[in-house]
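Quick setup: one chain, the form predicted alone, written in structure tokens, and binding and motion questions come after.
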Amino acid sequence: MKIGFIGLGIMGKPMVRNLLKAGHEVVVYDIIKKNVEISVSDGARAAESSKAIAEECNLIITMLPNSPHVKTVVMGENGVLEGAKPGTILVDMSSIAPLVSQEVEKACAEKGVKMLDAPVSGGEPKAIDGTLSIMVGGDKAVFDEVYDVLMCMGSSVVLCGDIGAGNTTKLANQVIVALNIAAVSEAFMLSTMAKVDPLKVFDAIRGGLAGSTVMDAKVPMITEGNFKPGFKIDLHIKDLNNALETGHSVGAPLPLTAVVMEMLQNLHASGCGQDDHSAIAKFYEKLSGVKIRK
């Protein structure tokens, strides 16, 4: 199948690579030319604009930073809707506000374009492995059409409800991840300051009720002082901002989310915005003057 792919950042490039490995023809576009060159070297073909991709591809995937970027790429000048034919399917795999997904889907429907919102979880490692968790919102018939393509990039693809449900599910995921990293950081700071080896604590509790995928992924990074981004602090700020705005719109109380948001904002102000979100541990290290290290 010929697939258009727009957005070749940390996540997009390995996702394209997995589509190519599965035998699909992929036409790519990104405003950063170096990213395009990398995907072309992997076997993709470059297009000159989002509109150009839509003119030749009946299935288009977008993987972009936030709501405004999706609106520009889809609805803006030289955007997807300027080139798309009726019957085209757009799968937006960006993590954006659910209400924006609904707004973009409405504009697509007016042009006869079908849309799903399908954000992902798993960060760069799972994008590379092709084992992302993909949360989808939209029409089931459209979902069924693209399911096999999505499975080239993920190990779990779940239809969560109507358009916007994918991004609502992703916001729930991001709340849990952020709070989990904060809890891990707090607990391992406690053990470190009590002079108990954090790796011994990790080995002792990871198989019990406190164990989690987050703990398994982030404790080794924290104890090694390795904050190379798989998912950046600044991107998690974006997601929690969308979660808080969505919570306000539906009346959902999110007090713990608000607290962790303040931690992330403090880290951003300290120059850590491009670090991995495991750098929430740095917030505790700054408060205590002690580093959580093996």
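Numbering starts at 1 and follows the sequence shown. In this text the structure is predicted, and so the values were computed from the model without any measurement.
In what follows, reference is made to the form predicted in complex with nicotinamide-adenine-dinucleotide, a form of this protein that is not presented.
- The contact with nicotinamide-adenine-dinucleotide in the predicted complex, taken as any heavy atom within 4.5 Å, belongs to V73 out of V73, V91, I134, V219.
- Although the partner is absent here, L20 is not a contact residue: none of its heavy atoms lies within 4.5 angstroms of nicotinamide-adenine-dinucleotide in the predicted complex.
- The closest heavy atom approach of I10 to nicotinamide-adenine-dinucleotide in the predicted complex falls within 4.5 Å.
- Remark: L64 counts among the residues lining nicotinamide-adenine-dinucleotide in the predicted complex, judged by a heavy atom distance of 4.5 Å or less.
- Proximity of T246 to nicotinamide-adenine-dinucleotide in the predicted complex falls outside the 4.5 Å heavy atom cutoff.
- Note that among 247-255, 53-61, 262-270, 32-40, the stretch whose heavy atoms approach nicotinamide-adenine-dinucleotide to within 4.5 Å in the predicted complex is 32-40.
- Scanning 91-123 for heavy atoms within 4.5 Å of nicotinamide-adenine-dinucleotide in the predicted complex gives S94, S95, V120, G123 in sequence order.
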